[in-house]
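Next comes just one chain, in C-alpha cells: the form predicted on its own.
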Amino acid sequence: MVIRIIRNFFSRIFSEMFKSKKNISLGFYGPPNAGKTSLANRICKDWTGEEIGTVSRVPHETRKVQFREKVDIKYKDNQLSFKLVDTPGIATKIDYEDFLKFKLKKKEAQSRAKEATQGIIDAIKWLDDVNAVVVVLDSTENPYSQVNITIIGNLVARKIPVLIVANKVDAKKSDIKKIEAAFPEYDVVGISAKYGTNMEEFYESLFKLAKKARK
C-alpha cells in the first residue's frame, strides 16, 4: 500500500510538470492600433469560436489587460494549450487631445487617456506572468520607433522568447522587409489579422516560439 501511495504521489508530480509545460502564457504586445486584439480575436475565433475583445480605429480601444485562460491550438500533429494575454497598446506619450480628432468629447478623451496610461503600466507588469510574447507591428508604419525599441528592449532584458508579427499585409503600404531589417535577430511573420491571411505560417511560427518558451 505504501508503494502504491508513493507511486501515486510521483505520478501526480510528473503529471503537473507535464501539464505546466503544455500550458503557455502568451502575451500580445505592440504599439496602439497595430492589430494585437485583432490577432487575438482571430486565434480565439479559430479555436474557440469566440472573440477576446473589441477593436476600433480609435487608438487605445484596449485599455485593460484581457485574457482567455485556455485556448487549445493544433498544428499538424501537435497540440498546445495557451493562455492568451491581450495587452493595451504601448506608447511613450498619451495626450487626450489626440482623441479629440476622433470626435470624442473632452471629458471622454481625458478619461480614455487616463485609462490608457494605467493600461500601459499594467501591461508592463504582466511581463512577469508571460512565457512568450508576440509583438504585433503595423507593417505600413516605420518600425524604427522609440516605442518598438522600448518593447523589444524590455523583452530582451527579461529573456522572454519573441515572435514578431508584421500585420496588415493586405494594405498597399505594407513593407515587411523594413521590419525584418529593423529586427534581424527575430522571426518575422507577415499576416493580415483582419482577413486571416497567412495564419498557417503564423501557427507554425507560434509552435516554434512555444518550444523556446518551454526550455
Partner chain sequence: MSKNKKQASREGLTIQFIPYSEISGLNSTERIKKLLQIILKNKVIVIQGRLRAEEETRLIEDTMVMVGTVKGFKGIELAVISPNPNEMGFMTKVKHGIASALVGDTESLTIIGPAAIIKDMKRDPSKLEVMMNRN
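What you are looking at is a predicted structure, and each value in this text was computed from that prediction instead of being measured. Residue numbers count along the first chain shown, from 1.
Here the subject shifts to the form predicted in complex with its partner chain, a form of this protein not shown in this document.
>> At 4.5 Å between heavy atoms, is residue 54 in contact with its partner chain in the predicted complex?
In response: Taking the distances in the predicted complex, the answer for residue 54 is no, it never comes within 4.5 Å of its partner chain.
> Does at least one non-hydrogen atom of residue 111 fall within 4.5 angstroms of its partner chain in the predicted complex?
Replying inline: Contact check for residue 111: no, nothing within 4.5 Å of its partner chain in the predicted complex.
> Does at least one non-hydrogen atom of residue 153 fall within 4.5 angstroms of its partner chain in the predicted complex?
Replying inline: Residue 153: yes, in contact with its partner chain in the predicted complex.
>> Is residue 95 part of the interface with its partner chain in the predicted complex - any heavy atom within 4.5 Å?
In response: Close contact exists here: in the predicted complex, residue 95 approaches its partner chain to within 4.5 Å, heavy atoms only.
>> For a quick test of understanding: in the predicted complex, does each of 132, 164 and 197 have a heavy atom within 4.5 Å of its partner chain?
In response: Checked in the predicted complex: no contact with its partner chain for any of the three.
> Which one of these stretches, 186-194, 143-151, 65-73, 37-45, sits within 4.5 Å of its partner chain in the predicted complex when only heavy atoms are counted?
Replying inline: Selected stretch: 143-151.
> Which residues within 102-123 place at least one heavy atom within 4.5 Å of its partner chain in the predicted complex?
Replying inline: Heavy-atom contacts to its partner chain in the predicted complex: 117, 120, 121.
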